[in-house]
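A lone chain, given as structure tokens: the form predicted alone.
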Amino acid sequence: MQAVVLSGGFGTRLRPLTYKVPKPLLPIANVPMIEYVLAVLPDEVDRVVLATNYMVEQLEEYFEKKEHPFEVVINTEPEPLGTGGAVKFAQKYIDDTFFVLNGDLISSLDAGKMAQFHRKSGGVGTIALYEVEDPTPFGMITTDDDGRIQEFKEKPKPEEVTSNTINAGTYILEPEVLDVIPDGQKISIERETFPSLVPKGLYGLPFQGYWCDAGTLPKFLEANGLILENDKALAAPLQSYVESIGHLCVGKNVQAKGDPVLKDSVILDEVVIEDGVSIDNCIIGSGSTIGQGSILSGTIVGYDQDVPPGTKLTDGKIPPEN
């Protein structure tokens, strides 16, 4: 099997973090996000194609140094091609049943179980499904008793909601699916490709546990909290990267002066925390300095930022770049 990881785009919803680091390498609990995505793949995957077009050099350097039990191909798109176009652009690297994974999803999905279900169903594709309270921001899916998908509804209106089950952003597809995606066009696999596959046999498999789309700053903060609570649920090697204390994750060479209050937060490498600082439910980017007496709650500080003494930031407010 192969896998295509969708990591295109410029990470605009994750700025200021993505000004200096591409989204796949943003650390969640001090481990690059891409490692959590790759950790769910079963052992039978022998090649991963990373579909991307932003800060490609950093990604190439990372994967040259980092060993994985599969070949990693950096497939640079000439321009953003959408989810379907990116999969089609990876076609030359695919010769077998393959996974497609969104590159900013953190979940407890058992992809091996999903592969078994896919083979048993005999369909052209299988979509991982997850139940949420409000499906309106997502792609709502309904299935029959055998798991065969009956209907897609992307971002349904409240009056259109008939199910709380959504597309969880991980798919298994047969190579023949590539034949229905046109070359060189910006295509949405969710809006354009999947509806056309329903008559051919498209299935959904629900899973339980946790799931988070970490593609926005609030959700990125939430994803860090999920990993701090469930750090044994994935294969990503937390302990080899960080010192982890309860729900506090501290990187390398962090200087904490005085007796700061640090709670439910991720402090990345080379951070300086001055006297009298309180940090709660935050992410502090590498190389930053938090000035004396600052109070930060529910916020994200980018890389190499100087937060002035006495700063108070709460409720998701982000400090300005300096």
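Residues carry their position along the shown sequence, with the first being 1. Rigid core here is just the name for the largest C-alpha set that superposes within 1.5 Å across the two forms. Not measured: the values here are computed from a predicted model.
Although not depicted, the form predicted together with a small molecule is the subject of the following passage.
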Query raised in the report: Among P80, P175, G112, G147, which has at least one heavy atom within 4.5 Å of the small molecule in the predicted bound form?
Result: P80
**Report entry** Proximity to the small molecule in the predicted bound form (heavy atom, within 4.5 Å), stretch among 90 to 98, 103 to 111, 222 to 230, 133 to 141
**Finding:** 103 to 111
Query raised in the report: Heavy atom to heavy atom, is G302 within 4.5 Å of the small molecule in the predicted bound form?
Result: no
Query raised in the report: Contact between A3 and the small molecule in the predicted bound form at 4.5 Å, heavy atoms?
Result: no
Query raised in the report: T52: heavy atom within 4.5 Å of the small molecule in the predicted bound form?
Result: yes
Query raised in the report: Any chance K20 has a heavy atom within 4.5 Å of the small molecule in the predicted bound form?
Result: no
Query - After fitting the core, I300 CA displacement of 2 Å or more between this form and the one not shown - result: yes
